[in-house]
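As a starting point, one isolated chain is supplied in structure tokens, in the form predicted on its own.
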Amino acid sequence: MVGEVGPKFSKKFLWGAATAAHQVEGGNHNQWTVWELENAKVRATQAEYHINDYASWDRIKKQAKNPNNYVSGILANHYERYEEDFDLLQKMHMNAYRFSIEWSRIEPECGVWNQEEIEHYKRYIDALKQRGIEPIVTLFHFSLPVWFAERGGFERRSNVKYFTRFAKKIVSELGLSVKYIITINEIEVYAVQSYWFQDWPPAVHSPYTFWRVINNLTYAHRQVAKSIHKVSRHYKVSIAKNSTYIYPGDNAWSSRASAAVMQYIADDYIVKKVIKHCDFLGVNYYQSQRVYGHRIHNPEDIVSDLDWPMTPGDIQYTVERLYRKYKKPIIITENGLADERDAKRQWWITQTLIGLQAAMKNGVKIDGYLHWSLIDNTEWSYGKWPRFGLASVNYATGERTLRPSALWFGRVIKKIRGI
């Protein structure tokens, strides 16, 4: 049984799940909802050409070829049904929950604050704390107010002041009701999808803008972290860094050198720019990459519904490398898989926790594990067909149902926490 071999998880260890506002709330108006409506038909038409080689294609092709799949709409209506979703956390004996505050709700126009929405998130956090659940707030999880995007978003260094102002407003309103704050989620993923692969808004291919956005976002983290720490050292601040373990598939010099360079570009370029302004390091782990020569050749024995290679145990090597290099406590801020049939999630979680225990045995300080995600959500440019949720959601009725793996995970957490 996980938790019985190797070091024990502490009583203060954070066990939880994570979501992002745009992916679960429904009813938002931001740069993503505008882009979805403009591109839904194109995404549906291109699906057969882009993802028809996925192992899951026969099961998901009807949804993937439907334009409605790419329009978030009301989604799971987490905005109104959040207490119902928090009850799911309790059923799984979790004590932490990561979520994002939708900037476009708080500041729908530049300099105009919506106090009703601020009060909504205050009630939201109160509902978590009443259940003994630690709130972990994310300030930017890919969605932007339309007015900010129209001003150039994070392409312009001069726009960072607006994000810093938003962060200061949130901290001043929430006060000491929150402790953990993630400033920015997955800097490099946002930049590469939006300014290289053109799969996310504004869907521009520009290597220079890609590089500039990465540097502006790392600057934004530093500015926000400094402003939050000026308010109080009570706050524990970090980014959430998507970290892929990159390793050579053989002992050839070219494989080893390529893996090292790729790892530096993927992780260290960004982490080095922010780590002095992090109290811990948030780590999102989904996969590893195997390098032969100068190319990535991954094993394809087990893949998720998104055709991502599944190597959950390699999380050990990811956190060991990051802790050894940066000496910051680690919280796993995302970790999970698209698995509609719930065939592999229990195995995934088991292997992940075994990997974390092994890392802890080797001296890594890990303070929490947050599974992605609590409920099914829209997976950005893929739309609603990928199912990451511990709880399935019937989008027609809104009904939530904890999957068997989630019920199992809840029993594991209960036993580890001794409750």
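Position 1 is the first residue in the sequence shown; the rest follow in order. On a predicted model such as this, the values are computed, not experimentally measured, just so you know.
There is another form of the same protein, the form predicted together with beta-D-fucopyranose (FCB); it is not shown, and what comes next is about it.
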- prompt: in the model of the complex, do Trp57, Ser304 and Tyr395 all put a heavy atom within 4.5 Å of beta-D-fucopyranose (FCB)?
  reply: no
query: With the partner removed from view, which of 109-117, 81-89, 170-178, 135-143 is the stretch that lies within 4.5 Å of beta-D-fucopyranose (FCB) in the model of the complex, judged by heavy atom distances?
result: 135-143
query: Going by a heavy atom distance of 4.5 Å, is Glu340 a contact of beta-D-fucopyranose (FCB) in the model of the complex?
result: no
query: Do Tyr292 and beta-D-fucopyranose (FCB) share at least one heavy atom pair within 4.5 Å in the model of the complex?
result: no
message: I'd like to know whether Asn284 contacts beta-D-fucopyranose (FCB) in the model of the complex, with contact meaning heavy atoms within 4.5 angstroms.
response: yes
query: Does the 4.5 Å heavy atom contact test between Trp308 and beta-D-fucopyranose (FCB) in the model of the complex come out positive?
result: yes
query: Just one of Tyr70, Trp385, Tyr369, Trp372 has a heavy atom within 4.5 angstroms of beta-D-fucopyranose (FCB) in the model of the complex, so which one?
result: Trp372
query: Which of Ser194, Asn185, Ser104, Ser243 has a heavy atom within 4.5 Å of beta-D-fucopyranose (FCB) in the model of the complex?
result: Asn185
query: So which bits of 347-380 sit within 4.5 Å of beta-D-fucopyranose (FCB) in the model of the complex, heavy atoms only?
result: Trp372, Glu379, Trp380
